[in-house]
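The chain below stands alone and is given in structure tokens; this is the form predicted on its own.
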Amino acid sequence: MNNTPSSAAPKLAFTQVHRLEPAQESAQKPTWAQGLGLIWFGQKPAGWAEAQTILPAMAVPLPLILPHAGDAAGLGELWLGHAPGALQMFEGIRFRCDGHSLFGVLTLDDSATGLQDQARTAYDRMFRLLAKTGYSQLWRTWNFIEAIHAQEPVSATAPGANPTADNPSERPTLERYRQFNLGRQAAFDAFAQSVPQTAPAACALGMPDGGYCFAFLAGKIPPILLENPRQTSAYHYPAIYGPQSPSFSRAALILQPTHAVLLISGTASIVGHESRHVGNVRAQTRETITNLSEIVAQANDRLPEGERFTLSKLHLRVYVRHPEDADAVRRELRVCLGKQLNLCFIKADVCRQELLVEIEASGQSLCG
């Protein structure tokens, strides 16, 4: 699949970039002027400060695991639109839109505020922005969370908390990822967002520092939200995974006049609601591939006539808990999908401590 925009390209597209070239006018190297937003991993490139004045650019403090495509110390995912307008600000969110799609980023790093409250704040602001601008359909969110597995005193508004306990030390503790789920769902409830009908594709990964980095993609047309019949829908997980189940769909399919865009959530070795192959990164990778393949099949069933999605041709972002496992994961991917893959490996903590690898995927196909 060619992710480079052209005169016949969809309104929404994406491409991977290893450097920033604002002066490049070649159609093969999109300019910042075409960018709705940018998520960057690894070492920041030259020109980063300038990029932030032009489009919503978020640098996630997670390292790349080399070697990878391009062998660069940094890698970005640039989301492209059709003649986007100027960079704008709303309650700390930096965003850009083009009449069809909107991309926004927000970083919260106030250590005095618990993650439940930070997540609620971020999603509240996002929903207010989408209501104000008319981009009411939430397609995709990215959540990168400092110390995702750490225990933290719960918010005074959390289930089971003592609302009169002003001192956090008097409150019970809860894993930060589970607090994130509480805050995210509180915002969905506050804005009357019915999760099965509106929960976007999403990921939530842990990082050693950096606070809470949040990015989102929304539009004016509703997505087709996809689930995996091999897995329990995340929003129906039982209470053993925390007081609030996660609010996301397995994938979102965006149908456009000439193209479809597939956004697959972070996917791991989960069958039903249970983690599988604990301690075995190769087996976890194979199970993850099976889950991804099923989601691709679900997407293809909903496409009009035209090109089908193929897992081996999607862009795969592979989050690995232990860098030394990357080679084993890469080999399993090549055995199952072939050698010509669009891969990026990043060191990150997966939201369940027993899971060693998580993969998210994005792709485009011609329709009609």
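Don't overthink the numbering: it's just position in the shown sequence, from 1. Note that this is a predicted model, so its numbers are computed, not measured.
There is another form of the same protein, the form predicted together with ligand 3EB; it is not shown, and what comes next is about it.
Taken together, the three residues Trp139, Ala299 and Ser362 lack any non-hydrogen atom within 4.5 angstroms of ligand 3EB in the predicted complex. Pro246 belongs to the set of residues with a heavy atom inside 4.5 Å of ligand 3EB in the predicted complex. When contacts are judged by a 4.5 Å heavy atom cut-off, Gln116 does not count as touching ligand 3EB in the predicted complex. Contact annotation: Cys351 falls within 4.5 Å of ligand 3EB in the predicted complex, judged by heavy atom distances. Mapping the unseen interface onto this chain, Tyr177 counts among the residues with a heavy atom inside 4.5 Å of ligand 3EB in the predicted complex.
From the list 203 to 211, 124 to 132, 80 to 88, 98 to 106, the contact stretch for ligand 3EB in the predicted complex under a 4.5 Å heavy atom rule is 203 to 211. Of the residues given (Leu262, Leu182, Ile270, Ile93), Ile270 alone sits with a heavy atom within 4.5 Å of ligand 3EB in the predicted complex.
This chain is drawn without ligand 3EB; in the predicted complex, the residue among Gly74, Pro153, Gly266, Pro223 with a heavy atom within 4.5 Å of it is Gly266.
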